[in-house]
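Look below for two forms of one protein chain, each set out as C-alpha cells: first structure 1, then structure 2.
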Structure 1
C-alpha cells in the first residue's frame, strides 16, 4: 500500500450561515457546525484512503466565538496521521464577515475516522507522510491524542498509554 502525503487529503468546504442554521440569538448552532465539520473531515479521510469511512470519535472541539447569520464559513480539514485502520483529521474553521470581509479563525476540532469494508469491519489504510513542520508536529502528537481518546472511550488502559504517560514523566 503506497504512503500518502498529508496534503493529498486537504479539503476545503465553504458554507453561508442561513436563518435555518441559527439559534434564537441569530448565531450558528453548534450542532450545525459539527455537522459541517464531520462532512469536511470525512471527505479528507476518504481522500487519504479511498475507502468508506465512519466517524469513530470527536475531540478537542472549541467554539471560541459566535458566528453571525450571513457569515461565510470556511472549513479546512487535513489528515494528520494514519494508524492501522483509523485516521486523525484536524479541522480549522474560519469566518468571513459579510460586510467587512474580515477573516478570522473561530473554531477547531479533531475527528477520528475508521476505514471499513462492506460489512463495516475496519480495514488497513495507507500510512501518512508528514512534510511541513506543522504536519510533523501534528503527526507526533497524534499518538498521544489517540491514546487519550481510547482511554476515555474505555478501550485502553491508562497504564498502556506509553506516549501519553511520557508527557507527565
Structure 2
C-alpha cells in the first residue's frame, strides 16, 4: 500500500452563517460548526485512503470565540496521522473579515475516522508521511493523543502507553 503525503488530504470548506444556523444571541450554534467540521474532516480522511470512512470520535473541540451571523467561515482539515485503519484529522476554523478579507483563527478540533469496507468492517489504509515541521509535530502528538484515548476507553493499560510515559521520563 502506497504511503501518502499529508498535503494530499488537505480540504477547505467555506460556509456563510445564515439566520437558521444561529442561536438567540446571533452566534453560530456549536452543533452546526461540529457538523461542518465532520464534513470537512471526512473529506480529508476519504482523500487519504480513497475508501468509505466513518467518524469514530471527536477527540477535541475548542470554541475559542463566537462566530456571528453573516460571518464567512473557512474550515481547513488535514489528516495528521494514519494508523492501521484509523486516521486523526486536525481541523482549523477561520472567520473572514468581509471588508478587509483578513482571516483569523477562531476554533479547532481533532476528529478520528476509520476506513471501512462494504460490510462496515475496518480495513487497512496507507501510512502518512509528514513533510513540514507542523505536520511532523502533529504526527508525533497523534500517537500520544491516541494512547490517551485508548486508556480512557479502557482499551489500553497505562503502563503500555510508551509515548505518554516518555513525556514523564
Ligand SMILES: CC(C)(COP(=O)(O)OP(=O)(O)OC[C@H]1O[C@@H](n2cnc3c(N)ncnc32)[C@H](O)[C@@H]1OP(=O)(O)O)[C@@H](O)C(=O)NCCC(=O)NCCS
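Please read all numbers here as calculations on a predicted model, not as lab measurements. Residue numbers count along the first chain shown, from 1. Think of the rigid core as the biggest set of C-alphas that the two forms share within 1.5 Å after superposition.
Undergrad: Where is the form predicted together with the named molecule shown, in structure 1 or in structure 2?
TA: The form predicted together with the named molecule is shown as structure 1.
Undergrad: Superposing on the rigid core, do we see a C-alpha displacement of 2 Å or more at residue 19 between structures 1 and 2?
TA: Stays below the 2 Å threshold, so no.
Undergrad: Comparing between structures 1 and 2 on the rigid core: C-alpha of residue 100 shifted by 2 Å or more?
TA: True for residue 100: a C-alpha shift of 2 Å or more.
Undergrad: When the rigid core is overlaid, by how much has the CA of residue 155 moved between structures 1 and 2, in Å to one decimal?
TA: Between its two positions, the C-alpha of residue 155 lies 2.4 Å apart after core fitting.
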